[in-house]
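One chain comes next, on its own, written out as structure tokens in the form predicted alone.
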Amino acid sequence: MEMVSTVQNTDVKQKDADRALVVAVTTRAVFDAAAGDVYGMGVAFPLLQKVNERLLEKNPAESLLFDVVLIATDSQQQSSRIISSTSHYGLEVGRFCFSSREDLVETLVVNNVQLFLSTDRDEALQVSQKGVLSALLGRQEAPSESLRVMLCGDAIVRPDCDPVPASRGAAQSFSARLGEMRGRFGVSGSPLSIVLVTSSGGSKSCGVALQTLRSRGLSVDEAYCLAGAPRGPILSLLRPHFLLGDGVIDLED
């Protein structure tokens, strides 16, 4: 078993451990391998950081922030280049974790990760089945003004049908905290956007999902009732960064 190494980023102020939303992102989602001293920027646009910046602009004492953990399981990626690349781009990463794939889940649990973001479906599914909320990052063709999170209304209306029941409680908890964070901003101009999509059951199911979310203190920016229509077209139109509450969904399908 390889040794798991965790390095705190002394270049950034550490977040409040009791209040922050801990999100782990794989290095492969953040950086593209490239020659030279730093890696190129990859799929994951640093929108989590943008939300933090806007929250702190509104309230410098804000403690409900994203605490980003950068996870590396690829032995081909050098730890020194990952750290220097993070500094080069000014990414607000709280700590770096260097782990084997076998130790990934344990690493996430030890670091109290509440959401794991990856571009590797098998990796995300493995983590989700162990009870850690996981999602696939969607590829974005252009920089976005806001972090767009899509919630699956079907999993809210019929939680027993969740394809990955082990992470069901984690999804509810994270969504509630995300709603609290969204509530810090006004109706327009928010750096965080939450969209509800209910694929089946008609308008009644969509209404139940909305009421359930509101009972948890979460209001959405947009809601779509597909009434059995395929979800692909709406995903292509809205281009969410990730989807929560319906297993691990490939946003490119």
Partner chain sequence: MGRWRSPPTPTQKTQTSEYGRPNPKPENAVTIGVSARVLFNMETEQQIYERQGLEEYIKYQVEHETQPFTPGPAFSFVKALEAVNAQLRELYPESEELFDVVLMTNNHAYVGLRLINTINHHQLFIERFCMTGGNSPIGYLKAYHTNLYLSADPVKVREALEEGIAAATMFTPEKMAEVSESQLRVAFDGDAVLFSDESERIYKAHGLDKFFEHEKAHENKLLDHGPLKGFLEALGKLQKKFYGKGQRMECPIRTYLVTARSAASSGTRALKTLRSWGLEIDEALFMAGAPKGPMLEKIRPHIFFDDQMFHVEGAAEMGTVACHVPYGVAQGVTKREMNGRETSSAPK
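Numbering follows the first chain given and starts at 1. None of the values given here were measured: they were computed from a predicted structure.
Missing here is the form predicted in complex with its partner chain; even so, the following discussion is about that form.
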Residue-level question: is R177 within 4.5 Å of its partner chain in the model of the complex, judged on heavy atoms?
no
Q: Using the partner position in the model of the complex, report whether L237 sits within 4.5 Å of its partner chain, counting heavy atoms only.
A: yes
Residue-level question: is K58 within 4.5 Å of its partner chain in the model of the complex, judged on heavy atoms? no
### Query
Applying a 4.5 Å heavy atom distance criterion, does A229 contact its partner chain in the model of the complex?
yes
Which of 61-69, 206-214, 48-56, 23-31 lies within 4.5 Å of its partner chain in the model of the complex, heavy atoms considered? The stretch 206-214
With the partner omitted here, the residue among Q129, S144, S100, Q78 that in the model of the complex has a heavy atom within 4.5 Å of its partner chain is Q129
When its partner chain is considered in the model of the complex, the residues of 168-193 having a heavy atom within 4.5 Å of it are R182, G186, V187, S188
